[in-house]
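Here we start with a single chain on its own, the form predicted alone, put down as structure tokens.
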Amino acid sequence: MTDKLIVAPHIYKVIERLQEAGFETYVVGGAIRDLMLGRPPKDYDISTEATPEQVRQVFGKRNARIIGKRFKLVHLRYSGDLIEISTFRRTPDETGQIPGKQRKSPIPENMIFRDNEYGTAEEDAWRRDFTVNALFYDPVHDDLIDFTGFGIGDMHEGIVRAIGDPLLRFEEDPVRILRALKLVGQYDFIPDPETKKAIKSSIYLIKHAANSRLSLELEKILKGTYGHNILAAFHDYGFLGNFLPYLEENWNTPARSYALELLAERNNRVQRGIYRDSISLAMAALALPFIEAEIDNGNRGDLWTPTKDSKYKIRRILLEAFTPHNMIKRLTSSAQRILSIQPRLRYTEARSKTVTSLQGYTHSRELMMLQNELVWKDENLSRRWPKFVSQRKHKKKRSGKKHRKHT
């Protein structure tokens, strides 16, 4: 681990430009953790004293878009990347129930609903969740700032430490419980005793978090390459039953064990650049073993024989496995296609055009390769089914329509 941090050139230029406009600006959050651990950051977050409106003035309205209500920030298009820029915040004065808002259960007294009260960089650091998330780095002047006094040390020691009172931090925003355990799973960190105690006693608060926020967190976990470790951490700390109850209920089954192995292999191949970070593929990898067990009582790799009702069962298990999250419809549909093609890849004559021309074939082939790495060990399988096939048939069908987003 090193404190000498080298950020991407376009991030450096964005920060330099804001500083030249007179605004104090830093890299914050996960990018600093990754850089200190010698990992390439997936993305960068920037925080500045400039308001969202002032950021737009610096970069222009065409490139900078203000988003959010609870937490207003800017999405900046720069050098082909989408960069998130937030304004320094301070702890809001008002918490608790939103006036006029009716809820089924009482809201925790200190829960934060509005977070748009701007402040200084130091105020921003002290209102953050954990010390390792409160580090600020100025790449222009090569200055790493640790306002809490614990962040750098906790990074070196691998400690998740809540800033201030852990119980209050989790009551303010229960999603912080999830984020603490993501740090445990992704970085192999360990909560300090007070934070660990607060995590276990505050898990019930997650019922107050908006489902949309939790679903977005699940998408991030599946898109990333540490999901298998993060889900294991959720189980170890008693959180998984509140997040993915189906997976928790089936934790002590061979299907669950195989599901996390498939997800781990998918993540390994993404890290190595063999395949891209498809969320629907991650969903299919997690669901596949439970579908095998449901349809055919099979062991790992024993694919089912397609029947009239297998399509229905695949969709039902997909929905059950990711309840209570409202996964984007196109992701669920894509995962269903990936899974439906699996038996045809295993049992159909190699290179059959009736299979390779199917929508979802490429993702499905990758899921087949994950199984092959773990179970079948067939050295010829990758040659039997080509990685790249003609998409003329699909393009013809989509003519005159917008290209479908990646799934």
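Since we're looking at a predicted model, the values are computed, not measured. Numbers for residues come from their place in the sequence shown, where the first is 1.
From this point on, the text means the form predicted in complex with a small molecule, which you will not see here.
> Heavy atoms within 4.5 Å of the small molecule in the predicted bound form: does D173 have any?
Result yes; D173 sits at the interface with the small molecule in the predicted bound form.
> I'd like to check something about G30: if you look in the predicted bound form, is any of its heavy atoms closer than or equal to 4.5 Å to a heavy atom of the small molecule?
Judged by the heavy-atom cut-off of 4.5 Å, G30 is in contact with the small molecule in the predicted bound form.
> Given that the partner is absent here, does K182 sit within 4.5 Å of the small molecule in the predicted bound form, heavy atoms only?
Judged by the heavy-atom cut-off of 4.5 Å, K182 is in contact with the small molecule in the predicted bound form.
> Check whether R65 has any heavy atom within 4.5 Å of a heavy atom of the small molecule in the predicted bound form, and answer yes or no.
Judged by the heavy-atom cut-off of 4.5 Å, R65 is well away from the small molecule in the predicted bound form.
> Pick the stretch from 52-60, 39-47, 375-383, 352-360 whose residues have a heavy atom within 4.5 Å of the small molecule in the predicted bound form.
That would be 39-47.
> Whether R256, N267 and R300 jointly form a contact site for the small molecule in the predicted bound form is the question; each needs a heavy atom within 4.5 Å.
No: no residue has a heavy atom within 4.5 Å of the partner.
> Check each of K72, K196, R127, H235 and return the one that places a heavy atom within 4.5 angstroms of the small molecule in the predicted bound form.
None of the others qualify; the residue that does is R127.
> Of these, R316, R330, H156, K220, which has a heavy atom no more than 4.5 Å from the small molecule in the predicted bound form?
Residue within 4.5 Å of the partner: K220.
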